[in-house]
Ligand code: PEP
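Next up is one chain by itself, shown in structure tokens, the form predicted on its own.
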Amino acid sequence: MIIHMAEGATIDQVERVINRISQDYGLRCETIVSSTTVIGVKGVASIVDEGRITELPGVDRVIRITEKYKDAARSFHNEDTIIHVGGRVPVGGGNLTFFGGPCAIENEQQAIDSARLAKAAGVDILRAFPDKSRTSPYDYRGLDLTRGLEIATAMKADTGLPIVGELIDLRHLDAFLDAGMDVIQIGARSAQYSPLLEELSKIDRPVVLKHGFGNDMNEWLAAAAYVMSGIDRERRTVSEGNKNVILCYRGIKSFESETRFSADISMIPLVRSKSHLPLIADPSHSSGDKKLVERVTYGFVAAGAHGIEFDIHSNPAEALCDGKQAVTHEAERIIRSARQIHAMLSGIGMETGSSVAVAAK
């Protein structure tokens, strides 16, 4: 439920509405102030008597939200959200941000070489994945966690870039945080694992949520809402939640066998019209072939993606994981050209409302 206050509504009138919602219905409110004040009601708002709220002084109108991803919905939060990774790298709004690095940490030399290559290419946030969730148990799935995190920390120290790591086991969350992981990524296989998403609602780090193999848009955004809402599984309490969610599109499994996944380019402007969250895209996992990565990157950027996450490896021919889709020195050209496309198209509106940023810290 969204409560729009009338223009000129006083602070006391806003407080009275919030107190009524809290005392009568036991629900929490989030206040958004722009030209007017908007109050978002969190939890099961169907119990609220709309008429009683509408009659309160200063209330303009009450709107019930039908989306099952309220916290992630643009109807709940019209302005684009910008998330600052590591306190300094903006993702979202008018920014174009690049995430890059090896698909998995194999050894220290490979990891450092790939990290330096990614930084030289112009990457803003470095992929440093100690673990990898793989289809087959015989595929390379990463190093021992302790050693993997040590190397990830070394990659961060060597390049000075913030790092993102994929979390596949809830038991490892504290270790990731203690190691200084700036962003926690949830892969496609875990995209709807609600216990994991609920735990991420309690942390203060940004979360990259990948698009699940078979998820439609509503399911994907509902998964984001798990992280953002702070509602526990019994629906008995509501915390602040973690508003620092970055969506990452990579397509779905379909009948096409020549590409790794089928990526619908129209999903980029569609998701941006439905959600205020930053949206990046992954041309490496969607195409599965480095020969396709460059053109797919440009397509995602032209469609309005806020950023790109792709595989950069110092020696793809010897890679233990996904070498076929990893780029090397051409990453610099891809990033440079993508930024030119972004600058050229930056004046084209996305029909998503205001682009004024709300910084999520």
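Small disclaimer: the values here were computed from a predicted structure and weren't measured. For every residue, the number given is its place in the sequence shown, counted from 1.
As for the form predicted in complex with the ligand, it is not shown, yet the points below apply to it.
Q: Taking heavy atoms only, is residue 129 within 4.5 angstroms of the ligand in the predicted complex?
A: Residue 129 belongs to the contact set for the ligand.
Q: According to a 4.5 angstroms non-hydrogen atom cut-off, is residue 71 in contact with the ligand in the predicted complex?
A: No - in the predicted complex, heavy atoms of residue 71 and the ligand never come within 4.5 Å of each other.
Q: In the predicted complex, is there a heavy atom of the ligand that lies within 4.5 Å of any heavy atom of residue 271, even though the partner is absent here?
A: Outside the cut-off, so no.
Q: Could you tell me if residue 185 has a non-hydrogen atom within 4.5 Å of the ligand in the predicted complex?
A: Although the ligand is absent here, residue 185 would touch it in the predicted complex, with heavy atoms inside 4.5 Å.
Q: Taking a heavy atom within 4.5 Å as contact, would all three of 30, 77 and 276 count as contacting the ligand in the predicted complex?
A: No: no residue has a heavy atom within 4.5 Å of the partner.
Q: So which of 207, 103, 149, 163 reaches within 4.5 angstroms of the ligand in the predicted complex, heavy atom to heavy atom?
A: Looking at the other structure, the residue within range turns out to be 103.
Q: For the chain seen here without its partner, which of 170-178, 218-226, 121-129, 196-204 has a heavy atom within 4.5 Å of the ligand in the predicted complex?
A: Among the candidates, contact is made by 121-129.
Q: At 4.5 Å, heavy atom to heavy atom, what parts of 277-300 sit next to the ligand in the predicted complex? List them in sequence order, or say none.
A: Read in sequence order, the residues that approach the ligand (within 4.5 Å, in the predicted complex) are 282, 285.
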